[in-house]
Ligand SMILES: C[S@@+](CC[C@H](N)C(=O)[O-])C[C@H]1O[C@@H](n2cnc3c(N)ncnc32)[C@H](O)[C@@H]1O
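In structure tokens, one chain follows: the form predicted on its own.
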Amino acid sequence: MFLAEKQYVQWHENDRDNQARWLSESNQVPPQRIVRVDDTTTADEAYRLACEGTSMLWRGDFHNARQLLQALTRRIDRTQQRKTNKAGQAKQAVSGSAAIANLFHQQRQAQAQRAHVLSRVLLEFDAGYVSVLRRAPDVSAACSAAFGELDEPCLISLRDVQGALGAAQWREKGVPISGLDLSIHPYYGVFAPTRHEYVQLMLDAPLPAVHDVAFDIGTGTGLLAIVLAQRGVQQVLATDLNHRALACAQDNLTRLELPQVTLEQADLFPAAAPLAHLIVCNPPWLPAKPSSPLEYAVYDQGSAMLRRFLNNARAHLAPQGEVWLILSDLAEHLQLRSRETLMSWFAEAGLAVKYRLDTQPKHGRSQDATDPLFAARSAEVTSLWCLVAQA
């Protein structure tokens, strides 16, 4: 169901050539260099190979592979900590605004390098995601849900397999949503609403006098569409480009028996729809380049999605209708976008601010004083901007 265009990887092992389907959630190209590793491979040797760009096909005990990945993580963390300490010393010679922006970009580069190294440990599976490794768990259901049914052998990074197993647990247990007395069940590849302080803003904001039709643009798990439906909106049209998100949203809507919500695969606004009395959007909050499909929920390069949404919202808005834009100001504290720029985009789109509701985050990173970006994270405010058409 979710498999992309087929790619294959070749490697030489045991005096013969081998081939298998290549699966990568982060869309990494098939590895060019693959060596066989097992329980005798040291963490230092594996770290050196990974940093050199060599992928390692694991042939030992499954649990030992997990321990190797943990050892690689510790080595990456030590290396990055040394770089962070040097960056902190260099920060003293750079002005405040430039320093915080540089630090953010350095962290993004470090995260990309971390993912690059950790993705080098590979596992081979037979058709149906069956593993012959010692003590390997049954991952067939989790991998089928994440990557789609598969009738041929494949190679997948251990990190992606762990992600599939974790997603299966999230999907089964659900994410409790404060203030709603319900849980949202995210799918693999769909951003989980673990931060949902904005839900209370959605509950506190007064609905427009007429609220028969509402749009939820970029619905993801369907959470905001669910809030609108539970608040009494008669017809909610929810859109998303991601087919995984649409399947996830439909599952959540079915669980909660909310037939007044209709899903549509669309780039922003639904086609051939009536004008909306309320348009809700929770776009990616940070104007930076995403490095994986999941990051499209967080990063919006050049604020392109946000600007397209604003510039087209008025054309889909009924008279006296409202736009509710859920947006964090973290980008402002990171010096990636100014408040003046945001306000100018509202004006250029023919929208005016009717009111704004604010809340402060409560997640762990906003309280972690050891985070190099703590000053920005601790000052973050999430807002619901109520926008209306300019007179």
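For every residue, the number given is its place in the sequence shown, counted from 1. If you're wondering where the values come from, they're calculated on a predicted model, not measured in any experiment.
There is another form of this protein, the form predicted in complex with the named molecule, and it is not shown here; the text below is about that form.
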{"item": "Non-hydrogen atom within 4.5 angstroms of the named molecule in the predicted bound form for each of 38, 66 and 131", "value": "no"}
{"item": "Which of 75-83, 157-165, 293-301, 122-130 lines the interface with the named molecule in the predicted bound form (heavy atom within 4.5 Å)", "value": "293-301"}
{"item": "Touches the named molecule in the predicted bound form: residue 266 (any heavy atom, 4.5 Å)", "value": "yes"}
{"item": "In the predicted bound form, residue 282 touching the named molecule (heavy atom, 4.5 Å)", "value": "yes"}
{"item": "The named molecule contact in the predicted bound form: residue 187, any heavy atom under 4.5 Å", "value": "no"}
{"item": "Interface membership of residue 308, the named molecule in the predicted bound form, 4.5 Å heavy atom rule", "value": "yes"}
{"item": "Contact residue in the predicted bound form, chosen from 209, 275, 241, 141 - any heavy atom within 4.5 Å of the named molecule", "value": "241"}
